[in-house]
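Form predicted alone, single chain, as structure tokens, below.
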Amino acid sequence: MKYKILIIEDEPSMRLGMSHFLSSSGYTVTTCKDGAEGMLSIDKKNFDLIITDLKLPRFDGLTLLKHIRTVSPNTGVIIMTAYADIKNAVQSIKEGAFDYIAKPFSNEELLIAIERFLKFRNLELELSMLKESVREKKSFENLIGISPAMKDIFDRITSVAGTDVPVLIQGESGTGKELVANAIHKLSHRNDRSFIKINCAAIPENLFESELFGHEKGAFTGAKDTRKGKFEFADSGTIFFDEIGDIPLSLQPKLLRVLEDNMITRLGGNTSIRVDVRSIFAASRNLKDCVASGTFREELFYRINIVPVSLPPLRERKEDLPDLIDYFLSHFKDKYNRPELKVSHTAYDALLSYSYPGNVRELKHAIERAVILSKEGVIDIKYLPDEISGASNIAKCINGDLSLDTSVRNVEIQRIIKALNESSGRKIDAANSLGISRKVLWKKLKEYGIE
């Protein structure tokens, strides 16, 4: 990479000599003979470094320095000055110059000053990249995964976070849609502004418009005061619509208008209010199916689906299970002050065998329960939910080397226990769900020693 250097020097022989030397040293050099020419070059091009004399016709070096700090703050400045003007050169350092070099100077001295600046700038860039990496890591801290699907999610979040386009996050319940929304906001340029969350499934239809857009005093019975809505509270920040598929059909055209025009009108009001809001949406239902069934407007779907993010269910990224288990285990060991806890091999195998219809949320709750219930410093399989422990036993029956009789016996035991749990211990209901008589159930309870 060739660094671009601008030299502003009114003495022709010095300007020519510096240009020839730096060009032969591998730099791309532009020269200007006075402050006015220098000002024009600064406005037209981006330079890595500007070397300017302190005393120049038309604009002096300090004036140029202040202009550079305004229009190109990342550009370095080295001031050239005579010995008699050292005091002014020191002032230039205070104004933001990287260094000064006193005339007369040798080519080697000039080269050392330039290389010192470039080394300093590269260190600054590395530090900036490190800070950005740490910020991304913190933003992704609750999104765990090494699977290709999750790597694609991380890349999509990073790409879209710096823009203001709407994002639609789709995935089954418990896959982490809100965590993705959090990460997008934290990585955005609005991360120090409001992040307003709305659960569209939890707001009564008759209150929805007031909740989003606010209302004027007297707009309806009980509206004793003027009240701002969520869009006004989110102004200059981000608004997150969770379960957007549940928003009332009658309200969807008004939401679309806000997304198009960035203008809202409070309920009962006549004045339009401009808002600057970035919108993120999440849905556990397939919105294309909702459009087909007529419960979601097609034009709103295309407006919010500019950048889609699809979260895969946990059963489709089982390679992420070990990291997720370790993460939640560490979290709950700290939360409940159980640092000594270990996971038994059977419990760990059970956690890896289960398909998690409730996705990451189900895994999280299962580990929290096990941490709370476990004794003697070990999380055993008996402290896991029956669904998970049963799945492990069934997996062993199918994939292991047990005899057919033993495998059938184990499956029967797990199925009977599940039926009893679902019927709250009522044996007649359990027998009915199993398709057997109560007498047969009693016999099997006795045979298998199930209490």
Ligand SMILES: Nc1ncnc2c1ncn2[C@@H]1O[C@H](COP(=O)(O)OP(=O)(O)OP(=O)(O)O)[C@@H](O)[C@H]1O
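Source: prediction; values computed, not measured. A residue's number is simply how far along the shown sequence it sits, counting from 1.
Another form, the form predicted together with the named molecule, is not on view; read the next lines as being about it.
### Task
Go through L212, V360, I247, V167 and name the one with a heavy atom inside 4.5 Å of the named molecule in the predicted bound form.
Among L212, V360, I247, V167, a heavy atom within 4.5 Å of the named molecule in the predicted bound form occurs only for V360.
### Message
Can you pick out, from I198, L179, V291, V307, the residue that has a heavy atom within 4.5 Å of the named molecule in the predicted bound form?
### Response
By the 4.5 Å criterion, the partner-contacting residue is L179.
### Message
Since only the chain is shown here, I'm wondering whether G229 would be in contact with the named molecule in the predicted bound form (any heavy atom pair within 4.5 Å).
### Response
No, no contact at 4.5 Å.
### Query
Using 4.5 Å between non-hydrogen atoms, is A113 touching the named molecule in the predicted bound form?
No, A113 is distant from the partner.
### Query
Is T238 one of the residues lying within 4.5 Å of the named molecule in the predicted bound form, judged by heavy atom distances?
No.
### Query
Looking in the predicted bound form, any heavy atom of P313 within 4.5 Å of the named molecule?
P313: no contact with the named molecule in the predicted bound form.
### Contact stretch among 322-330, 188-196, 265-273, 250-258 - heavy atom within 4.5 Å of the named molecule in the predicted bound form
In short, 322-330.
### Task
Given the named molecule in the predicted bound form, answer whether the residues M150, T175 and E243 all have a heavy atom inside 4.5 Å of it.
Every residue of the spot touches the named molecule in the predicted bound form.
### Message
If you apply a 4.5 angstroms heavy atom cut-off, which residues in 272-310 are near the named molecule in the predicted bound form?
### Response
Only a single residue, S284, comes within 4.5 Å of the partner.
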